[in-house]
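Quick heads-up: it's one chain on its own, the form predicted alone, in structure tokens.
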């Protein structure tokens, strides 16, 4: 760092990244990050959500983490809570599934049924 302007630019960039995870408006994307979730691959899933929202410049959704969701065999699990409070639980998540959820659920408001806990394949 060589100047106050450079420090201010770093601060601004960090604040933008934090806002993706802490805003209270819009959709809430909650990733189960207990030991079982992390072992099953939850960290790359969470990172994919953050990157996908950032790539699409979406500010109507936040990404956060929680502890044990309680169904280890279905990890990684992600809960998406719509602005109206409706909750959709996605199971056996992978980073490759994230783009479809962001496009169909977050952008268009239509949950991706084949990835949900109620899917017969789970």
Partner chain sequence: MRDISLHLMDIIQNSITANSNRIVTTISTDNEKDFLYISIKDNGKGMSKEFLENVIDPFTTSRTTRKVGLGIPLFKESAERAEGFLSIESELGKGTLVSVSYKISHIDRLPLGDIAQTFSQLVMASPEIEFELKMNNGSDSIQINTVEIQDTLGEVPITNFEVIEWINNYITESIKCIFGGVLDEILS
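Numbering follows the first chain given and starts at 1. Just so you know, these numbers come straight off a predicted model, no measurement behind them. Note that the rigid core is defined as the largest set of C-alphas that superpose within 1.5 Å between two forms.
Unshown form predicted in complex with the partner chain; subsequent notes refer to it.
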Would you check, heavy atoms only and a 4.5 Å threshold, whether residue 70 touches the partner chain in the model of the complex? yes
Residue-level question: is residue 7 within 4.5 Å of the partner chain in the model of the complex, judged on heavy atoms? yes
Given that the partner is absent here, does residue 110 sit within 4.5 Å of the partner chain in the model of the complex, heavy atoms only? no
Please check if residue 54 has a heavy atom lying within 4.5 Å of any heavy atom of the partner chain in the model of the complex. yes
In the model of the complex, the residue from 97, 50, 80, 74 with a non-hydrogen atom within 4.5 Å of the partner chain is 50
Near the partner chain in the model of the complex, with a heavy atom at 4.5 Å or closer, the residues from 26-57 are 33, 34, 35, 38, 39, 43, 44, 46, 47, 50, 53, 54
Taking the rigid core as reference, does residue 103 move its C-alpha 2 Å or further between the shown form and the other one? no
